[in-house]
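Just the one chain here, the form predicted on its own, laid out as structure tokens.
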Amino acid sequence: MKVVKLHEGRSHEWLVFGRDEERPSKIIDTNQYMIKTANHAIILDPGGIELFSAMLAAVVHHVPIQQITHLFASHQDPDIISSLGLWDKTLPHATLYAPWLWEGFLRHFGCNSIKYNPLPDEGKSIRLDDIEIQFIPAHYMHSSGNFSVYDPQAKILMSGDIGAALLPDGAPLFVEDFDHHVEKMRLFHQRWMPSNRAKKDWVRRVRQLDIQYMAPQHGAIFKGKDVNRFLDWLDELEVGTGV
């Protein structure tokens, strides 16, 4: 599994884990993220059960296991959080932040020791040392209970499935040609995103944020001007039409 440092500041770091060349061929590729401060770390959308061993091995190269105090699941999909039962055994004193709507479902993956902290529909903020992390509502994008994660200091938005693209093996981690990349995203958003009203609500919320990187859970990361190009593209796209 490849590891790239997305942000390195005086108070914290962002790392992305992905492009796992050893994953089974029929398993969709995913990006996992970790925010690391002096005393804490949070793993965002830690991935499916089949990636747990590779993910754990990669993570402990960058942070002591006891420093991972938080997990986050944007929604209930297995590629997001089916590894929960294994993290539950590895991090028994950690806290999971996830939508309140999915608690009874996510516990099927195993959540006996980790504390489940349900996120209200309107979102909330937490602090890791001196860093504020904001959970931004993204309901029906595509899940009916769903959140993005925003770090105002690093200017990074972890957008989950929003901005996702299904790319071939060996694809670059960052968007290099936006116009070409659009065709890798179009059907995904038309098929998986069911609501134009919800889409426009999310775009409106996110336009108010200062974003340098938009980091989806699948595909390539947007940076600089490509963030606004994506928002403009998504705002105009008719979703719920991909059949």
Partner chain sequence: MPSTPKNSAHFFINAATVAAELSVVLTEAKNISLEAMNAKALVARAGDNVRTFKPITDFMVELANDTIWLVKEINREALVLSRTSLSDLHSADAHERFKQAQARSRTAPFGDTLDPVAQSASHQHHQQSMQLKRHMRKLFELLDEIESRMLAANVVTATSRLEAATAADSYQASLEGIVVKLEKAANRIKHIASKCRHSLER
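Residue numbers count along the first chain shown, from 1. Just so you know, these numbers come straight off a predicted model, no measurement behind them.
One more form of this protein should be noted, the form predicted in complex with its partner chain, which is absent from this view; the next part is about it.
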item: Option from 44 to 52, 210 to 218, 178 to 186, 191 to 199 whose residues, in the predicted complex, bring a heavy atom within 4.5 Å of its partner chain; value: 44 to 52
item: Residue 226: touches its partner chain in the predicted complex, heavy atom cutoff 4.5 angstroms; value: no
item: Partner contact for residue 203 in the predicted complex: its partner chain, 4.5 angstroms, heavy atom; value: no
item: Its partner chain contact in the predicted complex: residue 111, any heavy atom under 4.5 Å; value: no
item: Non-hydrogen atom contact residue 127 with its partner chain in the predicted complex at 4.5 angstroms; value: no
item: Members of 151 to 165 lying within 4.5 angstroms of its partner chain, judged by heavy atom, in the predicted complex; value: none
